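Single chain ahead, written as structure tokens, the form predicted alone.
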């Protein structure tokens, strides 16, 4: 399927690895010029080189913390008029709510609530002027169901979802869509780190922990960054202009609900 994205410009935050990289790869494959972002310059350059060699599109790499003003300015300098913005950022580490002090609370809110809103504010005027814009926010299954120890991440991402529910309706008449992708258990470094913690705490082997968690998912497997990225690319495509304000679960059926 031709997604109609050839020559479009895309900023993908936190995209040197994991789900962000999956989105960058799918958008590059569709013909977008890409601005990557990450903190590890070595990993970032490897991803940049890989995508540029594979797909022949322009790929810039910005090593920066997207939660800072300086990081955001660097991204927007590299791509002042993006057609696509994929908001992604690392969440706060697992921690019981009782252990969260004020500094930790504010940091989590800045990472997963304030930062994506600031970037949306920056890119939307140009999108409205051009009559085309696609914003995809990578949030989490935890927006819909609690995950132990991720209360801060869940709260900040749920707040972002509620905030943008009204904003997306204001932007719809201008050809700008805003949607959220909610990953469940995806086969990423973050998930593997969770397996390692669970194995240490339970005394079980890493393989047993992984198998037990996969068995809880109706699909009986973990999701991949590649299929996540392709879903993101579709939401950014010309075919998805009538989809906005949606929370799209990618969890293999783990969330048990009809609606």
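All values derive from a computational prediction rather than experimental measurement. Positions refer to the first chain, counted from 1.
Heads up, the form predicted in complex with a small molecule isn't pictured, but that's what we're talking about next.
Checklist entry - Do residue 186 and the small molecule come within 4.5 Å of each other in the predicted complex, heavy atoms counted? => result Residue 186: yes, in contact with the small molecule in the predicted complex.
Checklist entry - Would residue 231 count as touching the small molecule in the predicted complex under a 4.5 Å heavy atom rule? => result Residue 231 lies outside the contact set for the small molecule.
Checklist entry - Wondering, does residue 157 line up within 4.5 Å of the small molecule in the predicted complex on heavy atoms? => result Although the small molecule is absent here, residue 157 would touch it in the predicted complex, with heavy atoms inside 4.5 Å.
Checklist entry - Do residue 213 and the small molecule share at least one heavy atom pair within 4.5 Å in the predicted complex? => result It does not: once the small molecule is placed as it appears in the predicted complex, residue 213 has no heavy atom within 4.5 Å of it.
Checklist entry - Pick from 72, 180, 177, 89: which has a non-hydrogen atom within 4.5 Å of the small molecule in the predicted complex? => result Exactly one residue meets the criterion: 89.
Item to check | Partner-proximal stretch of 95 to 103, 134 to 142, 168 to 176, 119 to 127 relative to the small molecule in the predicted complex, 4.5 angstroms, heavy atom | outcome: This holds for exactly one stretch, 134 to 142.
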